[in-house]
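Single chain ahead, by itself, as structure tokens, in the form predicted alone.
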Amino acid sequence: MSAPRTRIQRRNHRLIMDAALNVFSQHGYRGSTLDQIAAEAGLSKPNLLYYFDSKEDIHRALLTELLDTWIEPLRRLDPAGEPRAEILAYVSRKLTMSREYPRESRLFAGEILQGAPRIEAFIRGELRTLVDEKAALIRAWARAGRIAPVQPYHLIFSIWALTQHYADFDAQMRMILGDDHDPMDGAEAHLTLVFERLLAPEPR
């Protein structure tokens, strides 16, 4: 059993993780180097290598730390809740994730664009199982007439696309809207309207 980390070791470990998140989210995995991460952390490269064996080791640690947080909003979709309110709350939680964790969103997107080599087992396993479970719930709500007929997997994919866009394509939106304009302004109201209309069941 390894000895507990000292306060300085905990601080340096956190510095490296935060610096790596900045570097990977800006430059992607392939465009990032240990030298960049060490410089961002304010540490020497040998000091960094005391904590991590390689760039991939740091990247994998960041992804592992992120994954549980990343799927928590979907886990909270409650079968006992009112269907439209539950789905709209999920949209809101995903948008909040994009607002509060933009670097993490870009880290995740970069991994997916590479073919998910470091998290394939997670996606094919835990994430797929969770999505299957929530898709079955959405399908049951639709069959009961509690929401409009929707393709549940594509509904989930659409929520991901429309909310994570605000983190992953922030630079593009700011260039279009103007650097002094927050792209998040009005985003939740707009997405709420979009999904309310999509999910509203036909009057009987």
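One rule holds for the numbers: they count along the sequence shown, beginning at 1. Computed from a predicted model, the values in this text were never measured in an experiment.
What follows is about the form predicted in complex with the DNA, which we do not show.
Student: Using heavy atoms only and a 4.5 Å cut-off, determine which of Arg146, Lys45, Arg174, His27 is in contact with the DNA in the model of the complex.
Tutor: Filtering the options by heavy-atom distance leaves Lys45.
Student: Between Ser54, Thr64, Thr69, Gln151, only one gets a heavy atom within 4.5 angstroms of the DNA in the model of the complex; which residue is that?
Tutor: So the residue touching the DNA in the model of the complex, by this definition, is Ser54.
Student: Heavy atom to heavy atom, is Ala140 within 4.5 Å of the DNA in the model of the complex?
Tutor: Result no; Ala140 lies far from the DNA in the model of the complex.
Student: Taking any heavy atom pair closer than or equal to 4.5 Å as contact, tell me whether Asn12 reaches the DNA in the model of the complex.
Tutor: Contact with the DNA, yes.
Student: Even though the DNA is not shown here, does Trp160 get within 4.5 Å of it in the model of the complex, heavy atoms only?
Tutor: Result no; Trp160 lies far from the DNA in the model of the complex.
Student: Contact between Leu34 and the DNA in the model of the complex at 4.5 Å, heavy atoms?
Tutor: Contact check for Leu34: yes, within 4.5 Å of the DNA in the model of the complex.
Student: Look at the stretches 37 to 45, 161 to 169, 174 to 182, 132 to 140 and give the one with heavy atoms within 4.5 Å of the DNA in the model of the complex.
Tutor: Single hit among the candidates: 37 to 45.
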